[in-house]
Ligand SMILES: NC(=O)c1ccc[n+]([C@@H]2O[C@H](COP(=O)([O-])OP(=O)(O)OC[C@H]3O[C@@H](n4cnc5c(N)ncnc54)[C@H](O)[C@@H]3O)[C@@H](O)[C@H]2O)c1
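The chain below stands alone, shown as structure tokens; this is the form predicted alone.
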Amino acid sequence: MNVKDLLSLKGKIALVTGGAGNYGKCIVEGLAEADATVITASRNIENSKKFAQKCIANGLTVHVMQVDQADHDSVMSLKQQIIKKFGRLDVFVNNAVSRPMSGYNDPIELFEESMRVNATGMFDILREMTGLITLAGGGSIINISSMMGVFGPDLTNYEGTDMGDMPPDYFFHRGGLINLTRYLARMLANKNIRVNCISPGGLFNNQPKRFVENYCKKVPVGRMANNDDIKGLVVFLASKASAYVNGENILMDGGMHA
């Protein structure tokens, strides 16, 4: 098969949760550029609509739906909307994450809230969307983790800034998602569903100048990630081009941990 055909997502229905976020927008755009019909779902439907309108104006096929993954009824409503409108789901990019904690000493109730959204809620929507992909005869699940799920915090990145009090819940959930990927790759193989994970490094988002300088010194490619860096990787894992890739966690950090 021609490599362009291997990478094509024409005829595929793809769902991206957290599609209104920084990486979410890149992912939605990339999948749509590969000719998938993309559903962007998040709590903030107004931001999603604004972004979807820009995509549509560029000739891309993007639909907006609302979901709160911490609310089971909301998850089931999303599932029914997808069935009613499209009748199937081929690709699920599990990207949504809540950030209730801002540092180590935050109230323990915020850790509990993070568990409700990022553990229980995340697994709920993951399991329900897996059911849709199963009905379609198989497909691809892509979990979006972080290099912070693989390594502890490098506090030297924050020298000279007022940053650096790292939230423990984020490291906990991102690490767990990586191993959940391996579990699901085994459990869902007989359903023709591949499950992989991407762990990005820092996305440039107008961080303080000193932080960017500290960070980029440690990256062999000499910069932080940009909006295009994750696109090709997501399309690869969603498409037939990665048909023999399963249960992997791909560290996308510019060589920072090489």
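Position 1 is the first residue in the sequence shown; the rest follow in order. What you see is a predicted model; the values in this text were computed from it and never measured.
One more form of this protein should be noted, the form predicted in complex with the named molecule, which is absent from this view; the next part is about it.
Practice task
Specify the contacting stretch among 91-99, 159-167, 134-142, 179-187, defined as having any heavy atom within 4.5 Å of the named molecule in the model of the complex.
Solution key: Only one stretch qualifies here: 91-99.
Problem - Contact residue in the model of the complex, from 219, 64, 60, 203 (heavy atom within 4.5 Å of the named molecule) - result: Only one listed residue qualifies here, and that residue is 203.
Handout entry: Partner proximity in the model of the complex: residue 53 to the named molecule, non-hydrogen atom cutoff 4.5 Å
Key = Residue 53: no, not in contact with the named molecule in the model of the complex.
Exercise for the section: Indicate whether the named molecule has at least one heavy atom within 4.5 Å of a heavy atom of residue 126 in the model of the complex. Expected result: Result no; residue 126 lies far from the named molecule in the model of the complex.
Handout entry: Contact test in the model of the complex: residue 68 vs the named molecule, heavy atoms, 4.5 Å
Key = Contact with the named molecule, yes.
Exercise for the section: Decide whether residue 44 counts as a contact residue for the named molecule in the model of the complex under a heavy atom distance cut-off of 4.5 Å. Expected result: Yes, contact at 4.5 Å.
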